[in-house]
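Just one chain follows, in the form predicted alone, and it is written as structure tokens.
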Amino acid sequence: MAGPLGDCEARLARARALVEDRRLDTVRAWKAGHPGGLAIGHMPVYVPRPMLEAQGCLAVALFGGGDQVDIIRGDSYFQSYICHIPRSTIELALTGDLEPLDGVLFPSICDVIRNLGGMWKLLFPDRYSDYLDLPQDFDPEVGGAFYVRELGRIAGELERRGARPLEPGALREAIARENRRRAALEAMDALRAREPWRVRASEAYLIARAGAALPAQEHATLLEEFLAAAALREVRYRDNVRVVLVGAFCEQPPFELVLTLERAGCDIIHDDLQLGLRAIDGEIRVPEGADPLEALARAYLEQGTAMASRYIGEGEKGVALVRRVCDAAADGVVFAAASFCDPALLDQPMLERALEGAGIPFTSFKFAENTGQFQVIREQAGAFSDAVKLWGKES
């Protein structure tokens, strides 16, 4: 089909195929075209992807099995009272779906992911596995110096396994490509906030998540092409409630759950889905003559997005969320955290208190990545949407 509508559908179809590529056929194809290149998996929160690209590696975000995988062996490796994503990740690994990966980075999100990293080392001792200890002290002389050393250590480990040495010029170029991707994501988020009926949250989710196993420049092109087509296609205005979705920063909800919220009358104008690609606000600045590795570390310290796994020092939890709601002119907040997600669920009472203080309505529910029934969630979200429409912030 020609024209903007057909162009949008074509990009969305490609994105959907990438998202559903459970066996990592895209990664296999990349490795065939880049002999000797390493594919490095990581949990779907922040890792320094430009550093991996600068070393000739393909960064691959791992989202577990979603609702497409039956957990059989994975359940025997973890207790039942933790979130679902480690079990499905191990299941995928044991069935060979993650075989193209030469290694995996486990960023310091929570104890569960730390344990997943340990389990991975026990099960796959011949593959590279490393724990990315993200700084929680944001003083450049303390946390910054630590993080630069940590990145240098990981770069050295990758080089010993066949990756290219980390060169300043290559890192500058990789950061520039990442900034292009970042700018395209920000443009899509701005369009969603301005005209949520033009780019639905479910569409933005697919287009963003498609970059999980794409080099930054290729993903940026996909984003830009989709946005160009979306700006021109004919759409129908919807009088929905504008909401911010919070809590799904690691384990992702089933795609049908996002669609369910939309069908319940919610325009999701901002969310923390795909947070790994949005964990730094704005451009990663590399001043002339500066060490790009230090600039990459400094961006995390100074421009890091507020999230459940990030320490905020003397600040108040919830201030960033209230600001986000106000800046986006949202009507309310929907908390959607994975069951047993300690960081999100421990944060939620503090975030709720901040919203109450600002007079911002909210509702909440929990999910698992393999959730299959959404009727209760749809009814709850629909009731919230109706209440906000009828009584606004007094609801």
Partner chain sequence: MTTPLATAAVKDASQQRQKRMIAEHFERLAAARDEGRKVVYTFVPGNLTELLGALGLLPVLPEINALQSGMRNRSAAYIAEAERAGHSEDVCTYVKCDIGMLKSGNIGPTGTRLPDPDLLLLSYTGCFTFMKWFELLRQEYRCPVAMLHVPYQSDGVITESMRSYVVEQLRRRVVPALERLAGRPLDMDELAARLARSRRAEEDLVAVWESARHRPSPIDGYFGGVYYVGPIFSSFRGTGDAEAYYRELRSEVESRMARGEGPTTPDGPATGERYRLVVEGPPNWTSFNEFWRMFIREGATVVASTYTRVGGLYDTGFRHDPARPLESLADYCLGCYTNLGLPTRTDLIERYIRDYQADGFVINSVKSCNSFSAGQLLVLRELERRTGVPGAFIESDLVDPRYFGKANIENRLQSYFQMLEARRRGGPS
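All figures in this text were calculated on a predicted structure; none of them were measured in a lab. Residue numbers count along the first chain shown, from 1.
As for the form predicted together with the partner chain, it is not shown, yet the points below apply to it.
In the predicted complex, at least one heavy atom of Ser76 sits within 4.5 Å of a heavy atom of the partner chain.
Shown alone here, Lys31 lies farther than 4.5 Å from the partner chain in the predicted complex, counting heavy atoms only. Residue contact with the partner chain in the predicted complex: Tyr237 places no heavy atom within 4.5 Å of it. Using a 4.5 angstroms threshold between heavy atoms, Glu99 stays clear of the partner chain in the predicted complex. Exactly one listed residue, out of Pro50, Gly64, Pro343, Gly332, brings a non-hydrogen atom to within 4.5 Å of the partner chain in the predicted complex: Pro343. Checked against the partner chain in the predicted complex, the residues Val142, Ala183, Ala190, Ala228 give one hit for a heavy atom within 4.5 Å, which is Val142.
Contact check at 4.5 Å (heavy atoms) against the partner chain in the predicted complex: all three of Val112, Arg310 and Gly315 pass. Segments offered: 162-170, 269-277, 127-135, 213-221. Contacting the partner chain in the predicted complex at heavy atom distances within 4.5 Å is 127-135.
Using a 4.5 Å cut-off on any heavy atom, the residues of 146-172 that reach the partner chain in the predicted complex are, in sequence order, Phe146, Arg149.
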